[in-house]
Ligand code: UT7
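In structure tokens, the next block holds one chain alone, the form predicted on its own.
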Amino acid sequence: MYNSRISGLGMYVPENIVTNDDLSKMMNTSSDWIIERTGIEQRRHIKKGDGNSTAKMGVKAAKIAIKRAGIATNDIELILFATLSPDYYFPGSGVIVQEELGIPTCPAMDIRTQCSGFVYAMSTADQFVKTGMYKNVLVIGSENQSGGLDMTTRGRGVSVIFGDGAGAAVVSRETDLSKGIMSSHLHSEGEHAKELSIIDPNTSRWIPEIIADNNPDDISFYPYMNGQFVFKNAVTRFSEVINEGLEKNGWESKDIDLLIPHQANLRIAQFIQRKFRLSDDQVYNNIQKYGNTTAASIPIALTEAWEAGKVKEGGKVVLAAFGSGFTWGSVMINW
């Protein structure tokens, strides 16, 4: 019998800072408008020529996580790469990471559950380790979203939210069953898939057709979000999946030492904090600095919290996410 634990963490964000005031020069918005609705003050965007991509940022975060885990790169037996913005339409970014790290033939798998991607990937890694198949799994969440956003007034409701960056974790075998990932809980509801989506290109409308249409009003290849509907579903599903994890492990909300929610919107995180009666010290948010980095948001926040000494040995850490799909999930950890 084995458990799995996080043995190393790492993160990387581009150096290019884009403030709310910067965005106000591109579209009809203001810093006050953005902060009021999202809590975001700035975000990081890849800058042309800075050498970054989804996979390259993931590699930078992964190298830090592997070093902190105290293992060699070739000790990684599986790569799980969570992203909605892969370097190529195909193949996935996981194999690019494998090549960049110089790992000869380990399996690499991309996970496409958007904002819930890192939670889904952690749950997958946990199962591979607990069954004894692998000792060390590299889990990456990385996003390069800035290049695919509608940076005009038309797209401001979505474009002001997102940022670029990467986070990584090494999930390793643990023989002490009282430590590590205690449980994970995953859900989806495809009925609402189009409420937060990018529809084109798709298998019934490929890029040549989009180009041939030459329609200046076509925004099907930009992100769409039904904001109020997503918000209402998010606060409900966040609460449900956190409670599911608490009940599974016999914990109460007061037992949580640190909750790291997906950084979708500061208002959502604050709503959940109030609902579970958690103090500011029990919840970690950094959306103010980085925006919503989708699959990268939880590993970036978890790494920052660990670096700041907020993740302590023996502490109960809860990861929770909700996003496009709709998909949602939680991971319960005894650190």
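One-based numbering along the sequence shown. The shown structure was predicted, so the numbers you read here are calculated from the model rather than taken from an experiment.
As for the form predicted in complex with the ligand, it is not shown, yet the points below apply to it.
With a cut-off of 4.5 Å between heavy atoms, is F271 one of the residues that contacts the ligand in the model of the complex?
Contact with the ligand, no.
My question is simply whether V129 lines the interface with the ligand in the model of the complex - judged by any non-hydrogen atom within 4.5 Å.
Result no; V129 lies far from the ligand in the model of the complex.
Just checking whether H185 would be counted as a contact of the ligand in the model of the complex - the rule being heavy atoms within 4.5 angstroms.
Heavy-atom contact with the ligand at 4.5 Å: absent for H185.
In the model of the complex, is there a heavy atom of the ligand that lies within 4.5 Å of any heavy atom of K310, even though the partner is absent here?
Judged by the heavy-atom cut-off of 4.5 Å, K310 is well away from the ligand in the model of the complex.
Which residue among Q42, N286, T29, Q282 has a heavy atom within 4.5 angstroms of the ligand in the model of the complex?
Looking at the other structure, the residue within range turns out to be T29.
Exactly one of L259, L78, V230, I242 has a non-hydrogen atom within 4.5 Å of the ligand in the model of the complex; which residue is it?
Comparing distances to the ligand in the model of the complex, the residue within 4.5 Å is V230.
Looking at 118 to 126, 135 to 143, 220 to 228, 175 to 183, which lies within 4.5 angstroms of the ligand in the model of the complex, counting heavy atoms?
Every other range fails; the passing one is 220 to 228.
Check for me: heavy atom within 4.5 Å of the ligand in the model of the complex, for each of T38, A264 and G323, yes or no.
Yes, because T38, A264 and G323 each have a heavy atom that approaches the ligand to within 4.5 Å in the model of the complex.
Hey, which residues along 1 to 17 are within 4.5 angstroms of the ligand in the model of the complex, non-hydrogen atoms only?
Nothing in the stretch sits within 4.5 Å of the partner.
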